[in-house]
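We begin with a single chain expressed as structure tokens, specifically the form predicted on its own.
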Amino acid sequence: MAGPERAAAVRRSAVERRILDAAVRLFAERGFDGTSVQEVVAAAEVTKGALYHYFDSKDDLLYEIYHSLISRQLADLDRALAAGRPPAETVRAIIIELIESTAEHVDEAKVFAREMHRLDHDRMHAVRADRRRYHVRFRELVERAQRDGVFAAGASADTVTIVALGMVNQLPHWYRADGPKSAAELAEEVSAFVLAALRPAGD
């Protein structure tokens, strides 16, 4: 996270952070419908008044989880693109950062994957716009490198984007911190796999 997003996170009060952490944990364990406001309040060890001081509703909590996750990922993407590294190094950095970030915040990602459809129309539109922005910027990176002959063009930039980011989107469904491979190992393997597919013949 960088710039305004990092500043926003720092300004978030300890009470607000505690409420969000409790909501993430409970929504991941029990589902959105299976968790009451009172259970979030109890888990966060705050009053209902404190929760409603920061969040208008349980739906508001759900959106804030999504917004936090997507904002963090977009900030990571922007930082990787701004670094000015060669395309292969940039793709590698993006994939590694995305996998490690998703693993570190796997409960948020799990809630995102499972409960996103519960957002109202306006918030769903905002989330989809942010996701689309991420996909477009990644696709443009691949597209430019293919046009310049740096990446193989056997698969379209659209297909590369769907495959590369789709693998990461599935992570919350099966990743476990105590699994046989660490997030760092998975990130290295996935990034190497994607870059091998993009390597021009003869290189």
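Heads up: residue numbers just count along the shown sequence, starting at 1. All of these numbers come straight from a predicted model, not from anything done at the bench.
What comes next is about the form predicted in complex with another copy of the chain, which does not appear here.
Residue contact check for His125: none of its heavy atoms lie within 4.5 Å of another copy of the chain in the predicted complex.
Although the partner is absent from this view, Gly49 stays clear of another copy of the chain in the predicted complex, with no non-hydrogen atom inside 4.5 angstroms. At the 4.5 Å threshold, heavy atoms of Met167 reach another copy of the chain in the predicted complex. At the 4.5 Å threshold, heavy atoms of Ala155 reach another copy of the chain in the predicted complex. Though another copy of the chain is absent from this view, in the predicted complex it lies within 4.5 Å of a heavy atom of just one residue from Val190, Ala183, Ala22, Val15, which is Val190. Distance criterion of 4.5 Å from any heavy atom to another copy of the chain in the predicted complex singles out Val160 from the list Ile65, Leu26, Val160, Ala145.
Of the stretches 39-47, 66-74, 167-175, 52-60, only 167-175 has residues with a heavy atom within 4.5 Å of another copy of the chain in the predicted complex.
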